[in-house]
Structures are given as C-alpha cells and as structure tokens.
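What follows is a single chain, given as structure tokens, in the form predicted alone.
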Amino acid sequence: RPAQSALGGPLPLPPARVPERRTPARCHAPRHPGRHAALHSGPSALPAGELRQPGVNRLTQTLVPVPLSQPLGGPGPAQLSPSLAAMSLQSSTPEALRVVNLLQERNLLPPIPIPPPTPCLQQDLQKINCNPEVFRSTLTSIPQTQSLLNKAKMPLGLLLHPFKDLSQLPVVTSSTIVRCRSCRTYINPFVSFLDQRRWKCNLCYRVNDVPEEFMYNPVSRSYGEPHKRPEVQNATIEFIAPSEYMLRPPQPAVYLFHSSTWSHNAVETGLPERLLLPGDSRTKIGFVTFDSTIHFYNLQEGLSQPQMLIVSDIDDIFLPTPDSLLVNLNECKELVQDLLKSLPTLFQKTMETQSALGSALQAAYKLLLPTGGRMSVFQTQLPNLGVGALQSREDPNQRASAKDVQHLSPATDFYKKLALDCSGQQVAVDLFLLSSQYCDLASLGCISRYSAGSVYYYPSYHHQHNPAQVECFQRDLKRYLTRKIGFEAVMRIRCSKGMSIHTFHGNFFVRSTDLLSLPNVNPDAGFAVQMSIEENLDDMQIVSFQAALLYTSSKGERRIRVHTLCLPVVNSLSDIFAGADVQAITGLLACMAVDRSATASLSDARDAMTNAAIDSLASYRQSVLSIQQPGLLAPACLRLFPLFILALLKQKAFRTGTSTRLDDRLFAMCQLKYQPLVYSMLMIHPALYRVDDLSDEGALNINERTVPQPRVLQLSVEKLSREAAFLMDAGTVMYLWVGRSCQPAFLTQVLGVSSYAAVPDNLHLLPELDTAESQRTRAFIGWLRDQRTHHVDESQLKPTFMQNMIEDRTESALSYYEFLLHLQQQISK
C-alpha cells in the first residue's frame, strides 16, 4: 500500500513520487457526518486547541473578533509595576516569530536538546519562576480571551512533574502556614504586599492579613520583612504540615509484594534478600503468592520459619491470620529474609497453569485495608480463573492492519472498580508484567491507573534466554524499591480567577473537580491538565498557577510541596505564537490522543493530531503573517511541530500498517499519559548521536568527569555512515548502531573486539575498558542515563532502531517531506 498515507487517505503527492494505488475506503470523507475528530473533553463543544477531522467544519464555535490594539489595562499586583505593557513582544520581531519555510529549510533540528521557552516577564519575576522541568505551560503567554485562544488553534494546558527528585528544596517548619482566606492559595513569590501587614492573593486578588509569626524571617533572623521569607522567595517549597492537615495519624510505610507462582523466576532474579525500603521503625511488609489458590505467609515474631497458609476458596476470600500477615520489617527481618531465600524454590516444580489474579488482588486489598500502602504485583500471564478472568482478545494477524485497532478499552470494569476501592483506602497498585504472551494490558492496567500506581512491562521476558530484559528489570526494580515515596497524597491545582481546569491526564482518581487522589506518589510520575479561559482577562497583566501536593513521607511526616508558576497575559495572536512551547504542546496532544483512541478510535486520534498541525499553521499564516509568501510557513518556535506530530503518528502507540502487539501499543499509551514530559519526548522523537569520534571539545565537566557533547542528528538513514557508530536515545532504551566498516579504533577501544564480525549478538552493556575512547563513550552514556530515573539498556535491535528513523518513508507511512507536502495541501484548501 505505498500510496496510502499514514493519515488514512490518498496522498497529496505528485504521481512521479508515489505510484497511484488508492483505496476508497480510506479516503478523507467523514464516516459519520457531524462527528468531529476533536480531542476534547470538558464543558465546551470544542475548547481551544481542539482538533477536527478532515471533511468536517473546522470549528463549531463562533469566533468573536478581539481588538488586537486594546491595551493591557487595569491595575496589576503592586509588585509588578512598572507595567508589563512596556515589555510588548512586538517592539521587535523576536527569534520565536522568525518565519521559516519548512519545505526549504531541511536541517531544522538544533544541535543540542531544545530548551523550554522563557516567559516574557520582568527579570526579577523570571528569576524566581518555577523550574520548567517541574511545571510548564503549553503557551508561555496566556491569551486574554477564550475566543483569542480559539483563533490561535493551539491547546492550553499545564504539564507537571510535582514529586521530582530535586537537588535543592527549601523546607519550612512552621505552626502557621499562610494561605489566602478566600481561595486557600499558599503564599508565594507572586503575591503583592500592600504593606507589612497585608498581602494580596495573586489568584483571587483578596487582601489578607499577615500573621504575626510570619513577620519573623527564620533565615535572616530578622523581624518586619515578610516579603523576604523563604515562602515568598521560592516558587517551589515544602512545608512540614501541622496537625490540621491530618485526617488521621500519618500511616506507616506499608509494602505488600504480590506475585503469581509463575513469577517465581522473575522474583528470583529481582528481589534482593535484604530489602532496603524507604521507611522508619514502623515500616510493615507482607507477601502473597497465587495460582489457582491464594498463599499467605505468616511472619509473626517468634516463629522459627515462615508459614505458608493456603486459601483455596477463591470465591469467598478471607484472611487466615489477619494480625501476622503484615509484620514490622525491623522486628521480623530474619523471617522476611528466610522467606525471600525460599520463595524461588517453593514453586519450582509446580505444574499449575491457572491464575486467579482477581481474587488474589481482593485478598491483598483486605490485607492493606486498615493501613493503606503500596501493593507490588508481579504477573506473568493472562488471569484465567475466578473474578477478573480474561480471555485473549488479540488477533496476531491484525497486528499490521492499517484499519482501526480493536480492544484498546478494558474487557471488564472489575480492575477499575477494585482500583477505586483501593484509592479510597489509600492503597496504590504497581503492576510488573513479565510475559512473552498477551496479558490484556488494556484491562489489567486499570488497577494501576486509577490507584495512582505505575505499570512496568517486559515483553519477551525470560530469566535465562533474555539477559537484557533481566538486567533492565533488575535495575528498574532496584530504583523502584529505593526511590522516594509519598503515601496518602492528594494534589490540588489552582489557577487565577477567570481560568478553569477541565481535564486531567495521568494515573490518579479525581476526587472532586480539582482534587486528585494519589494513594502513593513517586518521583517518576508526571501529570497534565487541559485548561480554558472562562472570563476575559482584560484587566490582568499576569496569571498564576499553583500545584499543592499533600503527602505523608516514608518517615511518617505530613508534608506539603507547593509549586507556583507565573505567566504574562497578552492580547495579540503574534504574542501567543511567540510564547508557544512546542514540546509541551506535543506532550499534551499525545495525552489527548491516547484518550481519543480509547473513547473513539485510533484513526480519529491520528486525524486529530494531524489537524492540530494543520490548524495552528493555517491560523499563523492567516492571522499573524503580514506578507503572504509561498511555501509551508511556520514561526521558528513551531518549526519542529510537524516533525513531532509525524513522530507521534509513527510512535508505537498510534502507528498503523506496522506489526505492533496490542500490549506493546497499550504500554506506549500508558507511558505517554504517565511519564513526565522530558521522558515522553525522547519516546516520541529519540535523540541520535554519532559516538565513534567523541572529543573533549565543548565537553561538560560534571563531578570531575568530562562528558562529551556530540550534536543531535536528524532521524534519517542518510545521516548514518558505514564507517561510523551511532547511539540512539529513545528514552527507555538506547540503541547502538555500528557500521559494517566502522573505524577499528572504536571496535577495539570501546567495544573491546578486534573486528566488526566479532561484535557479540547479545551485547547489552558496554565493556569497561581502560582507554580514553571507552571512558568518553561511557561518560556520555552515563550522563544520558543520569537524566532519567529508569534503567536504559544499549540494544542491538536493528528493526526497532530503523522504525525510529522518523524522517524516512516506510511502506505504510509518509516521509517527513511528504508529510509537509500533505500539510501544505490541506492548509491551502
């Protein structure tokens, strides 16, 4: 099907480039008149940035023209004078608005990773604004009105990484946490002090009194300067919460390990005998295994060895000895170690092939009911017995279908309902899927999604035949067991008056309109929200957003982590486009497309993503460009937008026409919804580097280690060379591509082999050689690894490596240039 575009219709290309083979069933005509392929949810039919299906009206809302010359009137916070109006972006054309003809300028990828745009704020405010790795907006200049936002055709939303590991985090211990009496916003750097005794909230503009205790600055040990306190000097801060922030005494750290007996090999290669889990003297631990029956383990202090207690009635689960199944880790450490030693051999000779996962999860839920905690589930097959039993829904013959993909939604609501029960009792479920068979991640993933857990997936896992997967699992598990954790957490996101949040993305349960229930929160979890403008922001110069995360630390402290982001308000389309954050827009659209794939269809989601690029570039051409020129034109800040959209269309989550296992697709969707933006962007558009000629020129010096900085290359086969070696960083995996005629120096001094033919087939870790070239290469890979939280292995999978060459044409998908021609044709219609 060479003539079929990845977008589902006949190609808009000259006949000489593509043979004419068209399939009428895949044309752009709407399948259901009046049904829009818009990624939307929320109050309005098509909020800003929503996407349309070809052949359907572009926008159903009436666009109200906004006078673009209207000044930014109205008084702003006292701290913000002189007026930001004097800082208009239009005084000179900024680099972000430089016109780029995408069809002519081919080498658009910057040589270094793309930094996020800087909001156009006063210098003193910008210095203390929130770190974009923690909190960033798709638009760094907020439109004054919803109609102006609609006209820009770009989505407005926030992307958060609220529990990120931070090297510097100010922590405040105070009996008085100062908050607005009206909207409950925490005092922050963007409030205004009318005088020493009064401050004005930057979200609702209420004037509040400054408490007496807040007059004293614990850092400078001075009195009478409340504006110099840490809470007003840091956009990210953590409070140790007093008793009024507790509904009950802080829970202990409770960990329950829950494994199918078929997983014993996985546990054998993963769980260390000495578990170094975050916690204190109250930390509790327990174990449950299952096949067609449920096995509990009595670890009561005083026993000479652990006791296995078997419950065979899976339809009426009960706890045989409720008080001795979850035990204090410090008091029962030896029994726990004995159990971890014996677990791998307990089921070595089992012939059991049944899996009562649903009943086992119900049992584990009962066990954690009194305390809450974290449940770690290791599963190796499709559950096939009792409640929650599933049947295979995948047809291997349909994996490469260019038609719509079926079964992206759960087969049963059992796992979602149980997850909501878990969430209500402060229990999060983390799922480790270690299987070479179909496991129905669409159904099983719900147990983690709605309980604020995580999903780990290892396809083709085998503890003997796949050492790379074992290594990956072990490193992931080590990070998982030792990383920071927050229990019984809730997160609330507030925004300035006139704005509203209408859709959340991530793993959580929405307890009320703006409150996310997070039984566990971890440093690797990301969130996104879509926003709309409900009231005109005419009298505002800035708006603010605040995320407050209340959690219990593993040491039993109740803490509140607060992030505050400040952005300017603008009244012209050119200013909106100048502040567009192309990576944040791509990340939010990916989340929206995952939802659309499940609620409508994969083809709807693909059409909608394509139209996101068409609509925004058409709006720019029609409403911002003063001189019309031929070609496909984009502002410099959006020059990579079509490339990223094409990358999404070719991503495992959304691609068609390429053989993709259903669970692989669903896991990619989970990652796009759950991962922080910095990780998901590498999944969407991997980074390619040449590594056989690394040098110290332009290198970074980090902890007395020299880290080379090779330039980022375009993802095209034409950038590869037989005489070289290349590293592709795709987020969760790195691929090392070695050319057949690669320099002998690289082979001997980095790979430790004498020739290309001697490169081992199962190379998944670079050897540690005492050569300058080896040290440089390992330093660079180590530096890349240090920037993420999960294990990354160097893999030799050539087909997958080539599938990530996004700019090249494949049998079932357009090349980047062909995609640009398609966009140009749609825009000029």
Partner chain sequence: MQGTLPSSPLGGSTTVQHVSHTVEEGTGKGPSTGRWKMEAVVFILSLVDCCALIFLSVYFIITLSDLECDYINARACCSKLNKWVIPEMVGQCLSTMLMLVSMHWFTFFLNLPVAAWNIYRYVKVPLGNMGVFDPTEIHNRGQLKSHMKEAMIKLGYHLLCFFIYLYSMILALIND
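Residue numbers count along the first chain shown, from 1. Source: prediction; values computed, not measured.
One more form of this protein should be noted, the form predicted together with the partner chain, which is absent from this view; the next part is about it.
With a 4.5 Å cutoff on heavy atoms, D209 does not count as touching the partner chain in the predicted complex; it lies far away. With a 4.5 Å cutoff on heavy atoms, G498 does not count as touching the partner chain in the predicted complex; it lies far away. Contact check for H502: a heavy atom falls within 4.5 Å of the partner chain in the predicted complex. Among residues of the shown chain, G279 is not one whose heavy atoms approach the partner chain to within 4.5 Å in the predicted complex.
When you look in the predicted complex, the only residue of L346, V510, L713, V172 with a non-hydrogen atom within 4.5 Å of the partner chain is V510.
With the partner omitted from this view, the residue of K416, R621, R655, R639 that lies near the partner chain in the predicted complex is K416 [heavy atom within 4.5 Å].
Checking 419-427, 156-164, 300-308, 326-334 against the partner chain in the predicted complex, the stretch whose residues place heavy atoms within 4.5 Å of it is 419-427. Residue D595 is the only one in 575-598 with at least one heavy atom within 4.5 Å of the partner chain in the predicted complex.
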